[in-house]
Ligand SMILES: Cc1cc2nc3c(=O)[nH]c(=O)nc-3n(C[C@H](O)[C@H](O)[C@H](O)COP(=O)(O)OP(=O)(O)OC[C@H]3O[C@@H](n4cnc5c(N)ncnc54)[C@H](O)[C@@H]3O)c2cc1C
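One chain comes next, on its own, written as structure tokens: the form predicted on its own.
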Amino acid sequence: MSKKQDIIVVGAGVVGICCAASLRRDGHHVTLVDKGLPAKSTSFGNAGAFAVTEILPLSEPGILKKVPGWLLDPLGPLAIKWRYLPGLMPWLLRFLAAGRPAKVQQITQGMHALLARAETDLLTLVQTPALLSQWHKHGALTLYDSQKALDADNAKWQRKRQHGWACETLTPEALHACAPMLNGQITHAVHTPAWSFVDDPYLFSKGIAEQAFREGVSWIQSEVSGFLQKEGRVVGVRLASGSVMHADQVVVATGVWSGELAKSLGYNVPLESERGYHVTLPNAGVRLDKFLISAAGGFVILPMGNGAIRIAGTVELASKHAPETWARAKVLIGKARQLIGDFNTEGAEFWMGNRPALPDTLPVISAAPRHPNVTFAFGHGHLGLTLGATTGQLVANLMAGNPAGFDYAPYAINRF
């Protein structure tokens, strides 16, 4: 696509922001549209990590045996709102199917292809001192309370090592030297030095948007309700206000809300909300310099700017419109105290967000098969921040007709 185009990017989460920024750098006229402010939805409250080693699918062989135990604990790492179970069943069956050994290998290859380039793509996009100063390359610690628990995950770590990722098993002595603030019950850990994190994912994503606006991306705050079509071709979008916007190309990057827009063009995608919670403690009084991951608890602790910490995680499968279960956020405080001891909870802020989850973990980064001027970029699950810049670059390459040897097939919208 040598001609410079008028492009509308629908969705101002971190993925949509990065798509808009990359397309603008290719010289296109780009308008970013969303009903909310940039980075104010799910991108506001994520865990802030660039989780580049997360190449394995969430589903895995033997996961079915673990699910009943998780579900018996309503505040455990995984919960399902039972009234929504009938509607979730098709997604759950696909999720379990993704855990077959042959499928796991295929998905792992697809995730690795994205994650192996994530930091390079981010460095290409993020170049201002203000943004770079928020980004800390201190690695992450995945924590275990016993050798037995660590041994149970050895196969996962080995698969990551086979793909070239450094995963350093720490002795109890090395762990204490590396993270003296940890409770003495935490005796084992794996250090992944390739992980990095930002002081505040909202401010970081907002900063990328502001940089894109300075470079010429236009911004309109409005809800997109559908597409304008003429002779089978998409020629723009309709806004909820009743007005229309014309464009040569449209990118759909509205996270968990992308399914409805895709369906309006005839593409049915098994996209569900994998709801996550966080509590941010602005005055915790705990000094952390590494990103902490509880292997057993399914949550993380992020050291934020100005001495704050964020405790985030858990998975709740439910409708994106379901009421929040704030007990899932509040229980994170007690879980974190089991790792790092006591801390100040004054000023605690609780939040819930809808992660856009596809059953095979792989995102959709794909031209619409029957609408060649529509591109989809959604379904990143836990990895929206990690893969935002990569997705933006891949979308730009796709529109330019310059795939650069990259295989887009694993991320096709019609793979289901």
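Start at 1 and count along the sequence shown; that's the residue number. The model shown is predicted, which means the values in this text are computed figures rather than measured ones.
Omitted here: the form predicted together with this ligand. The next part is about that form.
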Q) Just one stretch in 58 to 66, 364 to 372, 346 to 354, 22 to 30 has heavy atoms within 4.5 Å of this ligand in the predicted complex, so which one is it? A) 346 to 354
Q) Among 331, 245, 271, 312, which has any heavy atom within 4.5 Å of this ligand in the predicted complex? A) 312
**Q.** 157, 299, 257, 144 - the one with a heavy atom within 4.5 Å of this ligand in the predicted complex
**A.** 257
Q | is_contact(residue 383, this ligand) in the predicted complex, heavy atom dist at most 4.5 Å | A | yes
Q. Within a 4.5 Å heavy atom cut-off, is residue 106 in contact with this ligand in the predicted complex?
A. no
Q. Is there any non-hydrogen atom of residue 223 lying within 4.5 Å of this ligand in the predicted complex?
A. yes
Q.
Please tell me whether any heavy atom belonging to residue 392 falls inside 4.5 Å of a heavy atom of this ligand, as the geometry stands in the predicted complex.
A. no
Q | Members of 259 to 292 lying within 4.5 angstroms of this ligand, judged by heavy atom, in the predicted complex | A | 261, 276, 277
